[in-house]
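Before any questions on how it binds or moves, here is one chain, the form predicted alone, in structure tokens.
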């Protein structure tokens, strides 16, 4: 259908409408404009759609048991009960997906905030990765350090600590930014209460998890804890995990690690996570074991 045919069709429809119908549509258009304007904040900005709690309401038409449906929905960040328009998402749900996708992309591609390194007195080092692109495309380089960097770690960091703490943005700088301060403070305090000494906290730029094994060998730490940003998803792109080993070494099997995951505002509270990680470290020290060899209960 070309532009001329479309115009003729619209004119024919309008001609067949009576005046009352035209007036009603005009009023609806006007009220819609007012409603949109009313949705703006006091500063004239559109509210951040990511602040909308989609777990608190249902958009499914005529649910059989809305109370139970909503109870289940409140237990998860998964996108359930969003409703649909034909075979597509509703506009609000679709916009939220786009916003969360943008947040996930930012989490991966952004660099770690430098102020966190300074505030928490972290000793900064870098793997063999030269930039973010190489970090994403060459995981092997994210596990290795140059000889100069290794010497710097041995020269500047405390040797033979009970616990070596390592922090990295990993695949989510957002996770590091939002969780580091509370988690690190709680962890360090918890280690003191457990009677465990901690070495110089180290920040590793462009790090993969096995980089912790290299640092373990360099510092001769008994227990190593790496706090690292996890691969983001659409509903959780600020999640951080703690990987823990006792007697870690390069080439050790993954079964030798313990993990405390989902540390973020809607998961495990960072402050509570720090205390829990310290308690696990105490068990590692007592049993001289980690991973599948550690008895947690």
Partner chain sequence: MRQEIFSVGIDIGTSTTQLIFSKIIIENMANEYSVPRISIVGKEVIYRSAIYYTPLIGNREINAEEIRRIVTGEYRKAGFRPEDLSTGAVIITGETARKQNASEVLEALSSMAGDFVVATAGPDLESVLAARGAGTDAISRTQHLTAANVDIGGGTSNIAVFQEGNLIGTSCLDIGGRLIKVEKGKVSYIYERLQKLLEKQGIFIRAGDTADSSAIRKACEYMADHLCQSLNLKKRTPEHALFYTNQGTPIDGEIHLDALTFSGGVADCMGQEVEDEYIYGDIGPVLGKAIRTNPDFQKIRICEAQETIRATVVGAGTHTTTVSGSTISYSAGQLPIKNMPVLKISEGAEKSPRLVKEEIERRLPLYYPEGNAEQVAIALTADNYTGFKQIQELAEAILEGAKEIYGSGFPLVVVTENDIAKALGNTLRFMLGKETPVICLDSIFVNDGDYIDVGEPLVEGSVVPVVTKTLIFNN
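Residue numbers count along the first chain shown, from 1. Model, not experiment: these values are computed from the prediction.
Just so you know, the form predicted in complex with the partner chain exists too; it's not on screen, but the next bit is about it.
The partner chain is not shown here, but in the model of the complex it comes within 4.5 Å of a heavy atom of residue 186. Of the heavy atoms in residue 261, some are within 4.5 Å of the partner chain in the model of the complex. The closest heavy atom approach of residue 192 to the partner chain in the model of the complex falls within 4.5 Å. The partner chain is not shown here, and in the model of the complex it never comes within 4.5 Å of any heavy atom of residue 228. Note that among 248-256, 261-269, 49-57, 231-239, the stretch whose heavy atoms approach the partner chain to within 4.5 Å in the model of the complex is 261-269.
Here is the short version: of 77, 106, 182, 162, the single residue with a heavy atom within 4.5 Å of the partner chain in the model of the complex is 182.
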